[in-house]
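The chain that follows stands alone, in the form predicted alone, written as structure tokens.
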Amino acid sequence: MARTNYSRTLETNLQNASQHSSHAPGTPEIHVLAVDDSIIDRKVIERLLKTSFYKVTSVDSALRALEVLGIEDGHSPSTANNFEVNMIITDYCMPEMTGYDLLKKVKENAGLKEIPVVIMSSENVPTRIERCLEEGAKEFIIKPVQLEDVKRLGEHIMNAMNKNSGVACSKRKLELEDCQSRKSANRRPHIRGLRVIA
């Protein structure tokens, strides 16, 4: 009975997702990595995300997600995949490696730690939710995922993108200031009306 209600809710969510879209033309494409061992839940989240105009890569395990991110074996992320992931949304309960373990691996990696991670679960366990949020998850969603949940994800992505672009701008500003100070240090002093002979 509970599974039937769950299936009906999923069907309703997909119908609602088909009727709504929030993509503004000319905005950058946002790439979400969706991780869930259940093919039904994976297809639902993929469809909800795509109808909200997110680019989605979906995988069936946390280990596969690590491969996609290029950090299997604990190494730095590789650029072999030629794409940037802007958010990870993962199920909590999966075989071999949980969503919590995936969250920890991402947050331990210097190249990926700024990517927002959202955990999903069909079980409402307060200690589990608290543990994930303390480890750095941006949100913990109780399944079935609703269209409103997907709309909220955009806020986390934009905050992370703004933070990253702010860091890049600050770094570029420091590089320019450093370059200008080196140029002025190498210049000979010049006083109007006098010439310095070296």
Partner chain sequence: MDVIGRLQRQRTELTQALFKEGLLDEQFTQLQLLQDPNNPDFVAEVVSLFFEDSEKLLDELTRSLEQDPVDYKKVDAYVHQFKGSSSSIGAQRVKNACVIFRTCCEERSQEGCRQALQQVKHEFFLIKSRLEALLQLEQQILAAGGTIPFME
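Since the model is a prediction, treat every value here as computed from it, not as a measurement. Numbering follows the first chain given and starts at 1.
Absent from the display: the form predicted together with the partner chain. The rest refers to it.
For residue 33, no non-hydrogen atom is located within 4.5 Å of the partner chain in the model of the complex, even though that partner is not displayed.
Interface residue remark: residue 40 is counted as part of the site for the partner chain in the model of the complex, having a heavy atom within 4.5 Å. Contact check for residue 47: a heavy atom falls within 4.5 Å of the partner chain in the model of the complex.
In the model of the complex, at least one heavy atom of residue 122 sits within 4.5 Å of the partner chain.
Checking 69, 147, 132, 141 for any heavy atom within 4.5 Å of the partner chain in the model of the complex turns up a single hit: 147. Between 154-162, 61-69, 48-56, 133-141, the stretch whose residues reach within 4.5 angstroms of the partner chain in the model of the complex through a non-hydrogen atom is 48-56.
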